[in-house]
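Here we start with a single chain on its own, the form predicted alone, put down as structure tokens.
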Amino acid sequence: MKTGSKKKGARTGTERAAPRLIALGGGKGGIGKTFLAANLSVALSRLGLEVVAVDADLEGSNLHTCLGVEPPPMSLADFVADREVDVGKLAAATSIPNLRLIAATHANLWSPQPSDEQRVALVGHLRKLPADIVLIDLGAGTHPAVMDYYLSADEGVVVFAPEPTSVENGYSFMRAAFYRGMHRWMSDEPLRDLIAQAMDQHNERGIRTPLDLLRAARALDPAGGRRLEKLVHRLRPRIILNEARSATDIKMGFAIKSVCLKYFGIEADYLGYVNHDDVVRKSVLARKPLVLSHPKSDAAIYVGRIARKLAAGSFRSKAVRPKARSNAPAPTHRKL
């Protein structure tokens, strides 16, 4: 029986691979996380990838502003309030080819965060979106909703700024993700109890770092400890340093990578840095992504480099290939 013609080489909805979920988090606000989420989303879409940018910060939605998009009539808040169960309908088109946005505007300030069940359902919906990459801009801090989105993503990116408060809170973010992930993924009751105790930094066992936890787990249950070590590798964070002003700032990314290995037992990936650039503020004030408003600026070029690194995994599973690099000159900033 003839079922209708199909364009040669076209992929059907059932054939399309699930999108990669990339979560962008950070220990505190004001480090440029949403700026990076917006510009990386645009840069990825300009490489030929279908991108859905998701604003998961229901208590401080700004992603639409950084993208220069008017608040859409429906947002993630409608899913949380059970006014819309189909997350796909919340993905609004933007003026940027290949880029759609799920905003987080109009949240119910009395109860903005989704329940545990809604968070699980949301991630399931995001994995079914017709896209190559779903980039999730997380809220600041270590709220359970933030941690669950970060842990549910295929890749977690942690943004740091070269200042003590950001570094300290960034480590707290990764530590919280480590413990929550271990507690969620381990089914062994004795080890779950051990992890719960370790979450209290003043615990009587003297567990102060994730590496201390692994040692205690091996002593308590050697087989369970080995399983825990394998799970640790799922938490490999990818690091971006924003607002770098000097060579010392740039090296901070490598220092964070070393600390992850020493105290977390995790091999982190330093994706790169974005230097401090006065045009960043101009782009934010103009409500236009930097990679569009000032594509030849140093910061925009560095964002583009990071985007290409993030895109590499998607291109390995797609027929498309990155577009040729622009003729933009190499960064001229020499103070770094």
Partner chain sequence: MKSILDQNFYELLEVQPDAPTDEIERAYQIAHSTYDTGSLALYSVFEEGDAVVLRERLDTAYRVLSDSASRREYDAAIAAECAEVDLEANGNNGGSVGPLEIELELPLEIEFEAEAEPQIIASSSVELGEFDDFEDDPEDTVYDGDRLRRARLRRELELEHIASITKITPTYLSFLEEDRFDDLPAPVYVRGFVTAYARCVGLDPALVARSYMERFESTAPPKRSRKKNLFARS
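Just so it is clear, the model here is predicted, and its values are computed rather than measured. Numbering follows the first chain given and starts at 1.
Although it is not shown, the form predicted in complex with its partner chain is what the next lines describe.
Proximity of G206 to its partner chain in the predicted bound form: non-hydrogen atoms within 4.5 Å are absent; the residue sits far from the partner.
Its partner chain in the predicted bound form is approached by P162, whose closest heavy atom lies within 4.5 angstroms of it. Though the partner is left out of this view, S246 does not reach within 4.5 Å of its partner chain in the predicted bound form, counting heavy atoms only.
When its partner chain is considered in the predicted bound form, S258 lines it closely, a heavy atom lying within 4.5 Å. This chain lacks the partner; the member of D154, D86, D116, E229 within 4.5 angstroms of its partner chain in the predicted bound form by a non-hydrogen atom is E229.
Interface residue among L129, L211, V123, A176 relative to its partner chain in the predicted bound form, by the heavy atom within 4.5 Å criterion: L211. In summary, the region of this chain contacting its partner chain in the predicted bound form, judged by heavy atoms within 4.5 Å and restricted to 163-171, 74-82, 92-100, 129-137, corresponds to 163-171.
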